[in-house]
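Listed next as structure tokens is one chain, alone, in the form predicted alone.
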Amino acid sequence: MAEGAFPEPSRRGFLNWFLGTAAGAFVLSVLYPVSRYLVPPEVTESTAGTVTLAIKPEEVKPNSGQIFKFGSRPGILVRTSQGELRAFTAVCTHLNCTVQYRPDLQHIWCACHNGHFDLNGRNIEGPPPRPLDAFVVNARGNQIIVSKGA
């Protein structure tokens, strides 16, 4: 076997390789979560057209509202003071904040920029440029079924 084909391993070479590998692993372990935070994975729109809520119609009191999940986005179910059930998307049309029902105002309110929507989903005050998307609500027995279209 010819001498000089493979260099003699040295302690300094091993330490340089070990520290370089450890530093590279550290940099990757820091950059990966930061990059996942800055560029989150794309959430696709749900194709679900109908959702059955886990709450019963009698559990929704008059002049109240509840947030529910409609696919990947929130929805809001409102029982008016007259007892009618209505549902809308709970995403404000201004900057995509989640809206809520305000019993004291008796309408839907966005806390981010003080947007107000009536119980038909129309924006009545504040910066939202368009109304909330309305859903169709059907109460069948002990179930509340919310769907996108008629």
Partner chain sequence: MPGEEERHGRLWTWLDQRVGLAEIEYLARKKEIPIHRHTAWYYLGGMTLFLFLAQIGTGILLLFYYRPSAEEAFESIQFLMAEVEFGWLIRSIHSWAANLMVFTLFLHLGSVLLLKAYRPPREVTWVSGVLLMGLAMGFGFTGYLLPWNELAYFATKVGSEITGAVPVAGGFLRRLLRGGDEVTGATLTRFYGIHVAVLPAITGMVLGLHLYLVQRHGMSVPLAVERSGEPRRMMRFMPNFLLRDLVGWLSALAILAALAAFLPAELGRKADPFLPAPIGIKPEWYFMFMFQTLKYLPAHILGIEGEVVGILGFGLGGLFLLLVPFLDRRAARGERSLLFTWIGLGIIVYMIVLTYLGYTASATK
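Numbering follows the first chain given and starts at 1. Whichever C-alpha set is largest while still superposing within 1.5 Å between the two forms counts as the rigid core. Since the model is a prediction, treat every value here as computed from it, not as a measurement.
What comes next is about the form predicted together with its partner chain, which is not displayed.
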Please identify the residue among 34, 28, 105, 54 with any heavy atom within 4.5 Å of its partner chain in the model of the complex.
34
Residues in which of 55 to 63, 107 to 115, 34 to 42, 120 to 128 have heavy atoms within 4.5 Å of its partner chain in the model of the complex?
34 to 42
Residue 16: with the rigid core matched between this form and the one not shown, does its Cα shift 2 Å or more?
yes
Using a rigid core superposition, assess whether residue 31 undergoes a CA shift of 2 Å or more between this form and the one not shown.
yes
